[in-house]
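Only one chain is shown below, in structure tokens, and it's the form predicted alone.
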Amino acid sequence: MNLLTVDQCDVDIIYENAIRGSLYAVNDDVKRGFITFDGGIRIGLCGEGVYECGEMQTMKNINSLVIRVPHNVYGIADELKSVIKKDGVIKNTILVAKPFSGKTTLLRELARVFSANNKVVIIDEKNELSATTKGVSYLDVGESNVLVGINKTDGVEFAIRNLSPEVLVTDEIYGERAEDGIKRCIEGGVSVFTSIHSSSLSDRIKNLFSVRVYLSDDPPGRILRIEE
């Protein structure tokens, strides 16, 4: 393996290109620790947090980056289709794995596959699922309707009230507010596909999802087991 040594100058150049010379335009994302670039590329930031009155305002002195390049992998959901949909019923499904285990890639393929015959709405808070730029999704999400840059709590309300989804897809639920939003969605009769960074699930989460898919991180994306 050929390794490339990166210095602070390289980090600065990549960061300036990612923000396109305007921190103000992307600061809402920066203060959450990432930037989403064209094509759904997400750049995780490491640096110093700047706080005012107890609230984080931005990050400065960026010293390292984690760059994630999304892509479609067709066919990886084939094994799950007959598990998730039985007798015309689409089951609530959660993907469970550590970071960098292919959860987002599999969710994207599930959205693409199920959107062929169902109304699918994606809440793409970090723009990793669809890579939407100026209204165009650069990753293949089939016929899915995509809400970009909207947090999960607002996105669930928006989708239920306005878009009449049969299936709602969202990445990485975290915290009680996100869980409550997903619960409200399920109680409203909408099937949910989502993921969580974990190696196990609390009883609260287990009770929400009738299909629980555990993925390997080595190699990433391999299905370890399916619980029903």
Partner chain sequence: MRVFLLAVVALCCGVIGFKVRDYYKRRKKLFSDLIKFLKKVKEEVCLKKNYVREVFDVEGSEDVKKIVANEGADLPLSKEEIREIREILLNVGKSVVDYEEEKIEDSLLKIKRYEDDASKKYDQKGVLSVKMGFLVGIAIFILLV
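Here the structure is a predicted model, which means the values were calculated and not measured. Residue numbers count along the first chain shown, from 1.
Unshown form predicted together with the partner chain; subsequent notes refer to it.
- The contact residue chosen from 23, 11, 208, 211 relative to the partner chain in the predicted bound form is 23, the criterion being a non-hydrogen atom within 4.5 angstroms.
- Interface residue among 48, 176, 187, 28, judged by heavy atoms within 4.5 Å of the partner chain in the predicted bound form: 28.
- Remark: residue 57 counts among the residues lining the partner chain in the predicted bound form, judged by a heavy atom distance of 4.5 Å or less.
- Only one of 39-47, 191-199, 166-174, 57-65 lies within 4.5 Å of the partner chain in the predicted bound form by heavy atoms, and it is 57-65.
- Judged against the partner chain in the predicted bound form with a 4.5 angstroms heavy atom cut-off, the residues 89, 225 and 227 are out of contact without exception.
- Contacts between 7-21 and the partner chain, taken as any heavy atom within 4.5 Å in the predicted bound form, involve 16, 17, 19, 20, 21.
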